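Encoded as structure tokens, the following chain is the form predicted on its own, with no partner shown.
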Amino acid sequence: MKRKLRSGMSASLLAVAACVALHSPHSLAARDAQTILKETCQGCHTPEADNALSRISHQRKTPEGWLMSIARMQTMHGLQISDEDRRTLVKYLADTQGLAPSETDGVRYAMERRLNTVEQFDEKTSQMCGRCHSGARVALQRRPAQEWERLVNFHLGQWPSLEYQALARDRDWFDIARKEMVPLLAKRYPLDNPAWKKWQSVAPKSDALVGDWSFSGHVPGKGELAGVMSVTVDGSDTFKVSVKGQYADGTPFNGDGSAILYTGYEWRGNVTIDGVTMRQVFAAQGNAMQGRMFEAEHDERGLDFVAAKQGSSRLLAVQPGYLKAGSETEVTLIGSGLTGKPNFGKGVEVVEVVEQSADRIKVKLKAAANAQPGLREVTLGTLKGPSLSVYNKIDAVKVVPEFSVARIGEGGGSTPKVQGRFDAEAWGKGADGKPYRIGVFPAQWKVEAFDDRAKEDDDVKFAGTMQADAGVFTPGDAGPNPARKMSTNNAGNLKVIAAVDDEGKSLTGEGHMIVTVQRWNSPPIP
């Protein structure tokens, strides 16, 4: 997802559409979906047997995928459609021609706006498709071979210069796309999949999500948080949401909003937390929810989110998730249906239960001085949950993400900056000599020139500033900078350095950050 994104959709249209169509419940539609399809879509898409329409009926996509298709009809083909009708159509298509939960496994990062994910696709897919947009955009749709071929034809017709661009002019791109990629994609991402038919038959009713949910999260640069999200009915597949939680340092995390459910499990919400609107993109199945919350205006600012419905029994997290041999500390178990005394494995003693309820248990732990380093399985009765890391020393520090992209912005323009946000992960070596992750530690942060060219261009001075105690990098302003050589902009090539203190010994880790130009195009799926 590091590659330049190309799309015919305008960023402003998609930003508005994503806000309106995916994250907010809608009022009673003026027209039902079948009427919209007939009166609005049949002008171009011809009717087929069984109430099908050409092209439309031969695809399955996520809510974001269907939104992008409709937006493309608006920007490229002059489609006139109201916001209300667009909401109705996205809901209908996602419910009837969506993806099963298993079909989104491994690529949900695109919908969750994890923009610094380094994708893992085969070389051919990366070169033929991933050079212009994420591979996840391809993986989050299903088509028969004929439709995949039509998509290839559409690409060449809409962007005829693509054959002359990098990773295309060195090969017969169109021939490879038709003869090799189409069969591959049709086999890998087929329209007809038993998983989808099975999901349609077993998908639960949305009212199963009503109730209180215990949740745990982590925000880079801020730390861990936990709380309760209350969900009440607000219509068919729509909800009111109330969040009450706090960070480990006591800072509140409270707010209210609304949500809508697509495809029986795709939760999309808008919740205002302390005056800031945050999106919720979760997979909700059974008594579990998992995904990401992020700011509507700054999707790089977000938190991992995992939740369990109260009334069920599940361990979600141990906060903090590490303990040094020979020391004492307080940790909190987050979950639902928590009863009994927890066990943290060999060499770790529960000294005192400080606080206990069904959704959180705070205990004081002591690790023996000779406790072997490594991961301990945490249990609570029959419940098994996240592990606890016991360590005697830190062997290495890793900057996460290891590679990232930040973007200049503002400077008199309307395009916002995209920050870099980092964690410092401590790693140790177990008794078997193998490395294991201890956890996220406080660190001191700085940036340096990545190479000689960056040093010569004084990138550290111009590209932006790093918050030393939080790992948050804010890029410089957009536009030409007269103080730079040739008045170039404030782009830069930087090392990100984290220093972690381990009882007086400082250990450092390094990452790589490119500070580049504004993000002009921000489609729902990059």
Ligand code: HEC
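Here the structure is a predicted model, which is why all the values come from computation and not from measurement. The first residue of the sequence shown is number 1, and the count goes up from there.
Omitted here: the form predicted together with heme C (HEC). The next part is about that form.
A.B. asks: Out of L115, A317, V397, V138, which one falls within 4.5 Å of heme C (HEC) in the predicted bound form, going by heavy atoms?
C.D. replies: By the 4.5 Å heavy-atom cutoff, the listed residue in contact is V138.
A.B. asks: Could you check which residue among K346, K197, K179, H77 gets a heavy atom within 4.5 Å of heme C (HEC) in the predicted bound form?
C.D. replies: Answer to the contact question: H77.
A.B. asks: Taking the partner as it appears in the predicted bound form, which of 455-463, 482-490, 497-505, 38-46 has residues with heavy atoms within 4.5 Å of heme C (HEC)?
C.D. replies: Residues of 38-46 come within 4.5 Å of the partner.
A.B. asks: K222, R279 and R292: each with a heavy atom within 4.5 Å of heme C (HEC) in the predicted bound form?
C.D. replies: No, the whole trio is out of contact, none within 4.5 Å by any heavy atom.
A.B. asks: Taking heme C (HEC) as it sits in the predicted bound form, is A470 in contact with it (heavy atom to heavy atom, 4.5 Å or less)?
C.D. replies: Residue-level check for A470: no, no contact with heme C (HEC).
A.B. asks: How about A478 - does it come within 4.5 Å of heme C (HEC) in the predicted bound form, if we only consider non-hydrogen atoms?
C.D. replies: The answer is no: A478 has no heavy atom within 4.5 Å of heme C (HEC).
A.B. asks: Should W173 be counted as a contact of heme C (HEC) in the predicted bound form, where contact means heavy atoms within 4.5 Å?
C.D. replies: Contact check for W173: yes, within 4.5 Å of heme C (HEC) in the predicted bound form.
A.B. asks: Does the 4.5 Å heavy atom contact test between I56 and heme C (HEC) in the predicted bound form come out positive?
C.D. replies: It does: once heme C (HEC) is placed as it appears in the predicted bound form, I56 has a heavy atom within 4.5 Å of it.
A.B. asks: What are the residues of 119-139, in order along the chain, with a heavy atom within 4.5 Å of heme C (HEC) in the predicted bound form?
C.D. replies: Residues within 4.5 Å: M128, C129, C132, H133, R137, V138.
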